[in-house]
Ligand code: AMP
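One chain comes next, on its own, written out as structure tokens in the form predicted on its own.
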């Protein structure tokens, strides 16, 4: 593909801006972890945040057991690792869920996967390695035999008393299965945080309606709700509101007592029709506004009493990128996540960057896995209104301020499949 850069504007207001690191620190330091928990059955815990460390009360497995269908044998000392040709009398049959009798030296028990190893048995032979002889009353083995073959020892997976799931872990299917494996049927999780949302702009129209001249469909409403659902939030959605100071204040007042966090899109810039900033300043406190980032310079953060507030930009790419970089870690910390900061990997660029910018940029890229090392291709249009760039991309490359480089530069890469989970 053509990796030519397209520049879509520049800073027009000479005003000191917070760095990304400063802004993120302000948000993270301000995030209040919820202390409200509930005990729920395992089937309802998927993607919930674990509220306490989970310890195992038992070892898993709780007994030595067979890893194969075959024969448990009492191997004599003079038979260990010796050439084959040994015969063992079959004296027992042990299916999973039952317990066999103690084995005498030179004897074998037919055993199945998961069944307890009988007393005095010291190895298990796979059935494919054994020959049935003397009317199937004995087995004969021709390979050298080692002690402990195909035996899963007690505690091979989990040791009793250890922490198997840490507090702050977002529960996935394998976590839930692990809890079940030690006999736990309910887990204590943090309550979902409540997030109120609304969207400013008289030009916004919901999909399904007919556009009039100068109107656009409100894509931010759907991206923001989907992003919050991905994070397991409970959402109160006021939809589009009128672009007036009073309507903005009314929406904020309606949400602040019912929510832990309010997020909006649009109305946070410096235009005469941007009412979010003055409304927050009148009703609460504004702690952050305008960041040295592209896309998404106008981003507001503050509070209305106990309710936190994040105002995202109105352009769709700016709204998504700033949500992922700032709102996502803020929300994850509020939810009680043990790991809440975004994780960057390293990727090699497949494009040049010839014009240094005053703001740190996050550009949409797609990795080319047909090359070694893998290289990141740049989407040709990096404008904040080009939502198709987010659909095409599989991640964001972070380009530091005042930087130029040639193809092959190693930079931080944030995969969207991580950011969107």
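None of these values were measured; they are calculated from a predicted model. Numbering follows the first chain given and starts at 1.
As for the form predicted together with the ligand, it is not shown, yet the points below apply to it.
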Exercise for review: Name the residue from 307, 204, 141, 334 that puts a heavy atom within 4.5 Å of the ligand in the model of the complex.
Suggested key: 204
Practice item. Please pick, from 122, 150, 350, 315, the one residue with any non-hydrogen atom lying within 4.5 angstroms of the ligand in the model of the complex. Key: 315
Check your understanding: Looking at 80 to 88, 259 to 267, 244 to 252, 131 to 139, which one sits within 4.5 Å of the ligand in the model of the complex if you count heavy atoms only?
Key -> 259 to 267
Point to revise | Distance check, residue 274 to the ligand in the model of the complex, heavy atom within 4.5 Å | key: yes
Point to revise | Partner proximity in the model of the complex: residue 340 to the ligand, non-hydrogen atom cutoff 4.5 Å | key: no
Check your understanding: For residue 287, is any heavy atom within 4.5 Å of the ligand in the model of the complex, or not?
Key -> no
Review point. Is residue 216 close to the ligand in the model of the complex, meaning a heavy atom pair under 4.5 Å apart or at it?
Key: yes
